[in-house]
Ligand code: BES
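Okay, so here's just one chain, in structure tokens, the form predicted on its own.
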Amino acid sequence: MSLSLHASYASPADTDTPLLVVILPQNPLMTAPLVAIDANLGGAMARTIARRDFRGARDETLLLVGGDSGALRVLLVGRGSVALTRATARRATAIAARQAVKLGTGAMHVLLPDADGEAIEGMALGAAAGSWEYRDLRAPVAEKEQRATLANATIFMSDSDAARTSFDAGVAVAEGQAIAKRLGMMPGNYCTPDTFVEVGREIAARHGMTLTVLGRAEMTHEGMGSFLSVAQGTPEEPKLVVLEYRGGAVDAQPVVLIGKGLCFDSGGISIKPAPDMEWMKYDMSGAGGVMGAMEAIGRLKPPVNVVGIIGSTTNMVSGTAVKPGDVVRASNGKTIEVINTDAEGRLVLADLLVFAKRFHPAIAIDAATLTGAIVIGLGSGAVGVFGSDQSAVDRVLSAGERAGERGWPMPMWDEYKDQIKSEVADLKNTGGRAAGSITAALFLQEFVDGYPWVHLDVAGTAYSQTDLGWIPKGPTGTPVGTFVEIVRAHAR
């Protein structure tokens, strides 16, 4: 992450900064901290609020110019009338960071006068989210056009252990989201299955985790015919990557996080339409989320065991690609009729879910950009949440709410299973357009054995094809926050 985050216990009014951000609610009042800041502005803030030139609506901003010392600029940012939460603090701070990037201030200080621990964590996340850019493949900007990169963000907070713990948690999750977003933004010719091995190796070395990598030969030995059928059409070596964090007792059951890692999805022989196919570089977002979560967990060091499993390959068209009508055998012995080669993510996840059983999960959660159907049903506002255990589903929904990655529970009624019955195999990999996200989840359930399981369909939330205001179009960092929150809850 290019942004350095800092905490400050000093008085905002006495701090020298190129940009002081003040986050205020709807219809703000001039409280004592604001009056102290306003003294350096000659009363401009009080006049602005009295005239209702700034009303504190969500995402509203107003820039005031300061003097030659103290705060050179003061940016007022509205958070609206909703309750102060981690998510609302994150959004307002991200709006501020985006403005700081445009102004080229290089640094900013952020004050949210009534911030509690949740809000402090959200401010750290928001500063990182709003300032994040992917510039790895761009030519340098001409010197006369350059603006200072937002390199430092400082958050004002109370001098307490609780505040420091919240701040550190925000930094940890932000670092994890930066990894997930970078992996998502990388083009398919840069982000390959080997990239996940490299990133996994770096995370393992940084945090003392165990790394295991399976290639095509090892997966063949494991009987992973479902996963390997997707990799038939590419010369790239598919990879199954496992990261093990051991923070709990030796015999404690781990939380297992599972991610779909299709570095590019052409649809295979059931090829996708050409328009917008470039967005299919994001079909690895579930795997990116696992990698980001393991980075955050390594930094947080919770007293719990966590296993991250990702399966990565590319789904390509070639003379060796799996064909519609082919039957493949998963590692639990079940046979699958491949009706549509573009329903490939569930074929990868099937063998990952079987593989997960060896770790005896306390709970297993998979995340995948699995279906377009979930985008039709829920749009970009919610993660589709499916599960075989209502208690586990409720825990994940609560984790997503805390993380600002809201989910919505979806049905998994037996009646839908008729759609994935096959005449030549144990089941088929798609049940058609109707209830497509539900039948995909029911397909995955066939490979879950003996452990609580939840499936997250993040096709509408892991990336955005439009600017969301608080972050630009592209990767969102979902589901890193949800993964981390379920681990934190499990550790309590």
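All of these numbers come straight from a predicted model, not from anything done at the bench. Residue numbers run from 1 along the displayed sequence.
Beyond the structure shown, there is the form predicted together with the named molecule, which is absent from this document and is the topic of what follows.
Here the chain stands by itself, but in the model of the complex one stretch of 90-98, 356-364, 129-137, 264-272, 264-272, has heavy atoms within 4.5 Å of the named molecule. Taking a 4.5 Å heavy atom cutoff to the named molecule in the model of the complex, the contact residue among 239, 260, 79, 86 is 260. In terms of contact with the named molecule in the model of the complex, the residue from 342, 405, 337, 351 that brings a heavy atom within 4.5 Å is 342. Within this chain, residue 229 is remote from the site of the named molecule in the model of the complex, having no heavy atom within 4.5 Å. In the model of the complex, the named molecule sits within 4.5 Å of a heavy atom of residue 369.
Put simply, residue 454 is far from the named molecule in the model of the complex: not one heavy atom of it is within 4.5 Å. Interface residue remark: residue 309 is not counted as part of the site for the named molecule in the model of the complex, having no heavy atom within 4.5 Å. Using a 4.5 angstroms heavy atom cutoff to the named molecule in the model of the complex, none of 305, 395 and 485 count as contacting. Contacts to the named molecule in the model of the complex (heavy atom within 4.5 Å) from stretch 373-388: 373, 375.
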